[in-house]
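Quick setup: one chain, the form predicted alone, written in structure tokens, and binding and motion questions come after.
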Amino acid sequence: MNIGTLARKFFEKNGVGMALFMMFGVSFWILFLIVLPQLTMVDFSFRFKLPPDAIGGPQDVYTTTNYEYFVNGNPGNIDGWNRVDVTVFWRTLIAALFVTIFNFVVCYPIAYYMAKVATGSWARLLALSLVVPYWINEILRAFAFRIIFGDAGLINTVLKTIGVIDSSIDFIRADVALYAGLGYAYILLMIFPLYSAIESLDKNQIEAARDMGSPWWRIHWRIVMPFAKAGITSGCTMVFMLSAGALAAPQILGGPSSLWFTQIIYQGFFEYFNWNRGAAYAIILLVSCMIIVLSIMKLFRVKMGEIGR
């Protein structure tokens, strides 16, 4: 089916006015809120940091200095490479991957229960109970997690009261609060793609597998998960990308020795006022995350069109 046929059907289905409005809205969103800002960021990343009166002059030329700094650091660095930034970069990606796996392990049973077990008003109540807490701002939720996991917070208080511990556990320094906060922040982005994919699975396939004596873990491994792989990929992609690019939660819940790569990007923009280096670091993070996501999709044989469905 060619583009002309698709366009004609789109106009016939939605009407000329609504179709034009939708096309304009989507085009505006993609062009002015995604493509142009990213191209501007790329342009910034390949330029020197210059005073305003030198921008556009003979010194304003393209360079790879900002990307080289990410690898090599300052000239004369005794390590020979940028130990701090590179270490934080890889630690951020690994932590984001851990948060994604944690979210999937927690959310998959919930999504399956909502899609195949819960019915009627109970299913609607479960969905509502998941959505309502997110009416509260993300930053307020992060501060609530800091209170819960603090030295005098709810968890330490309860553990001391029942005699499990004698002194407070430093959940903040151990990054437990950070991972819990990140996992909770994006839980809906994992549950609902999983729910949408699992809900469309014919229940007769599950019943047939049970009748043939298949254990529960094999049913999920061989039937449910392969069928829901598009929803799994969609949820994991969103959680991973947003976790790697999070700023509020690491700022509020991170320990004194914890540093997220987005915090280095923030420092480049708003503390050192080096927008060029900050842009380069942002592009490095974006491209790296995209490569990881596309590689995982290739590994599990998931196409982009399957996620779109």
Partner chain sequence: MKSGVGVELDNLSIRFGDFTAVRNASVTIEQGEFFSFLGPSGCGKTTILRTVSGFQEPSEGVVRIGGQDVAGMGPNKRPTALIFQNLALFPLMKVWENIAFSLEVKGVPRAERRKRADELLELIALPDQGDKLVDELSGGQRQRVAVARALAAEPQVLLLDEPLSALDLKLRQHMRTELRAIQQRVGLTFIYITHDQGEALTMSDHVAVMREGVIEQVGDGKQIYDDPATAFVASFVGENNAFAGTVKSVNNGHAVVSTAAGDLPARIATAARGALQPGDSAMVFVRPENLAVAESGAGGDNHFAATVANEEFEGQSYHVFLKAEGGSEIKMTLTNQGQSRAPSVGAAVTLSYNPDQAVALPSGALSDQE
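Given the structure is predicted, the values throughout are model-derived calculations rather than measurements. Residue numbers count along the first chain shown, from 1.
The form predicted together with the partner chain is left out here; the points below concern that form.
Peer 1: Using a 4.5 Å heavy atom cut-off, which stretch among 84-92, 163-171, 139-147, 199-207 contacts the partner chain in the model of the complex?
Peer 2: Every other range fails; the passing one is 199-207.
Peer 1: Could you spot which one of P215, G80, P109, P133 gets a heavy atom to within 4.5 Å of the partner chain in the model of the complex?
Peer 2: So the residue touching the partner chain in the model of the complex, by this definition, is P215.
Peer 1: In the model of the complex, is there a heavy atom of the partner chain that lies within 4.5 Å of any heavy atom of R222, even though the partner is absent here?
Peer 2: Contact check for R222: yes, within 4.5 Å of the partner chain in the model of the complex.
Peer 1: Any chance Y184 has a heavy atom within 4.5 Å of the partner chain in the model of the complex?
Peer 2: The answer is no: Y184 has no heavy atom within 4.5 Å of the partner chain.
Peer 1: Find out whether any non-hydrogen atom of F104 is located within 4.5 angstroms of the partner chain in the model of the complex, and reply yes or no.
Peer 2: F104: no contact with the partner chain in the model of the complex.
Peer 1: Would you classify F227 as touching the partner chain in the model of the complex, given a 4.5 Å non-hydrogen atom cut-off?
Peer 2: Residue-level check for F227: yes, a contact with the partner chain.
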